[in-house]
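In structure tokens, the next block holds one chain alone, the form predicted on its own.
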């Protein structure tokens, strides 16, 4: 078992420092921006103005996790599908419009996907294992698997999470890039996990990814069979919009996209929702189903106790 000791999320919900995100969920409103904390509490003013939204969110969530557990992380694992889009856009615009023979490398350096992990490392003064995974909608799940492997390898405190940011240009390409059924969103969710239970009530029992998914329902059942759990034992089933057979999957079913909006790493926040549901209710199992991109299936099973 891999125990969750604290979670920090910044999203369109009132999630930051909220002990029960599940109970305070409201329908996603595209008109509402991210509910951001006072970043100045975590990031010096002279650094804050240079950081894009995704870096602010990622670094703040990471710092909050460290503040809560009061320990240094010996591994940092980050998932992001599209990375630092605002800095990428800034770099490309400068590249196209500049008449100078010399371009500042700053925007390019900050546009790479692993800038988030690097910024967290700098902000926490942490020189431990640092890895970024970019696998479309399964970036978070792959990051979780890496974090679990780190714990199996002897790491004691692992920070794992995912972050995405939206830019206006994404709305132009959204129908060809990803589902157009939900409005775009930004967000970041980070978890402090370890192999020691301590005061933790909820753990990640298993994570599975399938990049050649063909039948979501059969694959969910096969996953649960492997974990020796009956479908009836699942108290909360969170999906990314897929309509499962109502007869077979009669569990309490939530389409988390209605609360998170759309970005490639929404399953990270869905895992936060599942954790808080188990932590504050008489329930034992929750399952997050992420098949946001056709053919890619991520399954994250959480257990109480």
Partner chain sequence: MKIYITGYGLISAIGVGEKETLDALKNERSGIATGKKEETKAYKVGEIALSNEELKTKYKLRTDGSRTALLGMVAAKQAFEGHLISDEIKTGLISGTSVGGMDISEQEYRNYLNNENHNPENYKHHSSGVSSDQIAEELGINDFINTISTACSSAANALMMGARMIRSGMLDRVVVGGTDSLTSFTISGFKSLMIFDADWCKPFDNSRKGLNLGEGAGYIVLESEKSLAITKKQPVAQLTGWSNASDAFHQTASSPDGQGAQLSMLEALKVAGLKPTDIDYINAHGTATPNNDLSESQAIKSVFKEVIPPFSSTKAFTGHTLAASGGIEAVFAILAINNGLLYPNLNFSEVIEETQLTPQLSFEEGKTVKHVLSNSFGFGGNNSTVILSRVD
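Because the structure is a prediction, the values reported are computed rather than measured. Positions refer to the first chain, counted from 1.
Another form, the form predicted together with the partner chain, is not on view; read the next lines as being about it.
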Report yes if any heavy atom of residue 157 sits within 4.5 Å of a heavy atom of the partner chain in the model of the complex; otherwise report no. no
In the model of the complex, is there a heavy atom of the partner chain that lies within 4.5 Å of any heavy atom of residue 166, even though the partner is absent here? no
Is the gap between residue 119 and the partner chain in the model of the complex 4.5 Å or less for some heavy atom pair? yes
In the model of the complex, does residue 228 come within 4.5 Å of the partner chain, counting heavy atoms only? no
Has each of 103, 111 and 132 got a heavy atom lying within 4.5 angstroms of the partner chain in the model of the complex? yes
Would you mind picking out the stretch of 180-188, 194-202, 140-148, 217-225 that comes within 4.5 angstroms of the partner chain in the model of the complex, counting non-hydrogen atoms? 140-148
Sequence order please: the residues of 195-212 with a heavy atom within 4.5 Å of the partner chain in the model of the complex. 209, 211, 212
